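Single chain ahead, written as structure tokens, the form predicted on its own.
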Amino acid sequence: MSGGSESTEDVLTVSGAVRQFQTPEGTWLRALDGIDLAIRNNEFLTLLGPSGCGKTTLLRVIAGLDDLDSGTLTLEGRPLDDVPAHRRPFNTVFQSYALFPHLSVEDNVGYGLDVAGIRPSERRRRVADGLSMVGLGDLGRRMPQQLSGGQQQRVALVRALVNNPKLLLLDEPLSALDRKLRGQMQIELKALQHKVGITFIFVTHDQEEALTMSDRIAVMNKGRIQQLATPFETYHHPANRFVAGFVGNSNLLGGRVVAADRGDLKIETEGGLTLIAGGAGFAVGDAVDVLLRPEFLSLAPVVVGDVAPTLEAQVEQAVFVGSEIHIHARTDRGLALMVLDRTAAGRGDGTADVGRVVRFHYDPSHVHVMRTGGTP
């Protein structure tokens, strides 16, 4: 196992992938509805979405555990459709770890090498190198039940990597861990991927997990990819209302453009708010969805040029969490707003006391405008 190149050439291509299932009522459900996806060499790609969006089905299709009803898979230009799962150069790590309870740690790691007929000296070297890489070099003789959850997860990862697969497929492998250990493993897993230089395809419904580890995120819903982008782009420039609402906390409002001047927009939203924003390609009368992240609303004045845009609302709840205050407020027209304010947390002057009517400031450059009904 060694680091790979920085090549961005595609290693796996999914074209027009359709996978259908029949429901108990006899109707057909498309778990994959025409998926097109090019996966790059040596990238950490996350399939993110709610339960039932098709992300695990797509992973199983790539692994060869499910067949496509139509569409194709190609690995470095070679068709994969008729290649059975055991002959594909991929390994999978599951949520349950699937360690053999009757085998020691080193025998678990070396199992795939035994099946592949690797000579004993090479097997010992690969097992030792793999365990050392994840900090378990002195635990090879232990049994799985003698390990913590995080240690078992590392063993499962090393077992999947020692055969040097082209792709490592990970199906929610961290979901069984507690929150603190999960955060630690996220960092370790990304570092491991960079070290071994293998493409990782990671399935999760946890947005924080996806943002933390990924080079790119494919946000899925109803069998389709809604957006394929970097974590930064996904969070700050979502493609549509679904992505904006699913990834991160959001103030997400419908509205209409009432003024447009060379990319400077004025938008009237539901609930009677008027927002100033930037956005090219919009005209007066366009129906839009508007995203304003809670962290971009503040009690401290924000002046942009000669403008200090504000929203007025009454504080309904203010929760102090140390570095910031989580404020839930409501406008006089009944529109709910969420604010994550760090300036108030440091003052402790009662500015955000429940019942007070306050002005929240924002920078128009942080208001993201999307066309209503926008699709990928």
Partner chain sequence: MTAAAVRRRRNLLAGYGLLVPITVLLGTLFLVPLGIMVVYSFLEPGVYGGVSWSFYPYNYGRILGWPIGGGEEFDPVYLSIFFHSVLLALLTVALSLLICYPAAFWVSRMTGLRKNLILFLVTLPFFANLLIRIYAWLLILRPTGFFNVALQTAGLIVEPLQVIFTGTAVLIGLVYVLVPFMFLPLYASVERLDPILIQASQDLGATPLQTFRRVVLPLTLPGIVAGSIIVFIPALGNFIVPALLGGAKVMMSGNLIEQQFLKARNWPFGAAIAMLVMASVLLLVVVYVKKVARRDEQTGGVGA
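Numbering follows the first chain given and starts at 1. For clarity, a rigid core is taken as the largest C-alpha set superposing within 1.5 Å between two forms. All of these numbers come straight from a predicted model, not from anything done at the bench.
Same protein, other form: the form predicted in complex with the partner chain, not shown, and the subject of what follows.
This chain appears without its partner; in the predicted complex, the one residue of Y111, F246, Y235, F282 with a heavy atom within 4.5 Å of the partner chain is Y111. Scanning R78, H86, R119, R262 against the partner chain in the predicted complex with a 4.5 Å heavy atom cut-off leaves one residue, H86. For the candidate spot formed by R60, A63 and N91, every residue has a non-hydrogen atom within 4.5 angstroms of the partner chain in the predicted complex. In the predicted complex, A98 approaches the partner chain with a heavy atom inside 4.5 Å. In the predicted complex, at least one heavy atom of N163 sits within 4.5 Å of the partner chain.
Contact annotation for K180: none of its heavy atoms lies within 4.5 Å of the partner chain in the predicted complex.
Shown alone here, D107 lies within 4.5 Å of the partner chain in the predicted complex, counting heavy atoms only.
With the partner omitted here, the stretch from 292 to 300, 189 to 197, 68 to 76, 98 to 106 that lies within 4.5 Å of the partner chain by heavy atoms in the predicted complex is 98 to 106.
Comparing the forms between this form and the one not shown, the C-alpha position of L99 differs by 2 angstroms or more, with the core used for superposition. Positional change of R142 between this form and the one not shown reaches 2 Å or more at the C-alpha, relative to the superposed core.
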